Each structure stands twice: as C-alpha cells, then as structure tokens.
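Only one chain is included here, represented as structure tokens and corresponding to the form predicted alone.
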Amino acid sequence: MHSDTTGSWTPVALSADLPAGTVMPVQIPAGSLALWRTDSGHTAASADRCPHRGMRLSHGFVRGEALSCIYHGWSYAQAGNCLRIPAHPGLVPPETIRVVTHMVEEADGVIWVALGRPEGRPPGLEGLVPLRSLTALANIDAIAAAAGGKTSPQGIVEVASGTGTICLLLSRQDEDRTLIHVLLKGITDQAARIAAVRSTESLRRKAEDIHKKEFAQ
C-alpha cells in the first residue's frame, strides 16, 4: 500500500534489485533506510545512519549476516544490535549501541517495509511479474491521472496495453516524488516487456507534466 501512516506496509524495492550480500538506500516518507540482504539471503531494513558518526549505512557493505559502516567498520545484525567495533576487537559492544530496524516482508518479487506494527501481511500480488522500478517527480494523484485510472486499495493503477496489462504499484516518497514498481499481467515475451518499459517511461513524463502544472497554478 502507498499509505505512509503508522501500521502500514510500503513497497520499497523489487527482489531482483537486491542480490545477496548487497545494500541499497530506499526512501519512505519517514526518511531514508538502508535495505540489505545477507549472504544467506535474508532481508533487513535499518535506519540509514550509523550511531557512531552518522555515516549512511547504505554506503556500507554486507559481510556474512551483518551490515558494516564504511567509515569505521562498526557492524550491525539484522536485529540492529552492534556486533563488532574494529578499533576495539576485544570489546563486546553494549546493547545500547544499536540502529533502529523495521519489519521486512518479501513476497511475489516485491520487498515491503513496515512502518510501525501493521496488522497482517502485505497485499498479495499473485499473477503479476515484476519488471522494474523507477522514480517519478510527481505525486500519486498525478500518476493516476496520467494513467487515466484510479488507485486500488493495494496502491495499484492498471494501464491497458495491446499485449496485456501494466500494473503500477505506487509508493509515496515525499510530496513531490513517487516510486513506481512496474508489474506485468499477461505479458511474457521480450518485445512486449520492452514495449511496457517504453509505455511506463512515457506515462512518467506525462505525470511529471501534470504535477508541474498542478503546482504552477
């Protein structure tokens, strides 16, 4: 869902964009997060700020089951507790040194992060094939207007095409920016996928024009 209220799920990335042993920054209305996947394949979401000197953890690196800050190498577990401080190898880090973490769910090729403690699991997306993600400098209303449709309770706008249906899973990042996850229904061959990408790029430009005119008035 694209709601930014406490107790909701936010789709922040596609599973294919986060290989094992990598970290990436993601943006939610509450701020930036470090989204990472351990070497064994588990996903985690941490506040994008190391408690030591404030360096972005999304600039860091994953080794094994821990995320390490690129500045001084402080390492954190998926639960947020500090595991290691390289400058003091014999020290067991106290429990007070930790980063804020968020619940993460991964299903149907999409990674969701929870704000607060949501009831239930993220919406199901069975039958939809993730294609790509892109950012639009427009709000959700402008994207829905460009698509000529309405946003479903799951945060999806459907766009009909000659080869199938393009589903846009929308995630609000701030007042002027929306993350679009492109999901395909009934589109399988490469030519149709390329056409879907081009169609989505065109829709993004249209939505950005609508957004600009809206705020220019």
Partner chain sequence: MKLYDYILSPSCYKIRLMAALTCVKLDIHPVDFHPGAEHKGAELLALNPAGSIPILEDDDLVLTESSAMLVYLAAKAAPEWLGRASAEEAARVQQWLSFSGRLTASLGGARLTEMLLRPGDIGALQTQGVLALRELEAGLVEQSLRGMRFLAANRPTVADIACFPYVVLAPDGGVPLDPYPAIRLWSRALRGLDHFIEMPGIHRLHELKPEPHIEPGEA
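Remember, predicted model here, so these are calculated numbers, not experimental data. Numbering follows the first chain given and starts at 1.
Just so it is clear, the following notes concern the form predicted in complex with the partner chain, a form of the same protein that is not shown.
- In the predicted bound form, the partner chain sits within 4.5 Å of a heavy atom belonging to residue 70.
- Among residues of the shown chain, residue 40 is not one whose heavy atoms approach the partner chain to within 4.5 Å in the predicted bound form.
- In the predicted bound form, the partner chain sits within 4.5 Å of a heavy atom of residue 131.
- Heavy atoms of residue 102 never reach within 4.5 Å of the partner chain in the predicted bound form, leaving it off the interface.
- Heavy atoms within 4.5 Å of the partner chain in the predicted bound form belong, among the stretches 142-150, 118-126, 86-94, 102-110, to residues of 86-94.
- Contact here is defined as any heavy atom lying within 4.5 Å of the partner chain in the predicted bound form, and by that definition each of 17, 22 and 62 is a contact residue.
- Taking the partner chain as it sits in the predicted bound form, the stretch 177-212 comes within 4.5 angstroms of it through a non-hydrogen atom at 190, 193, 194, 197, 198, 201, 204, 208.
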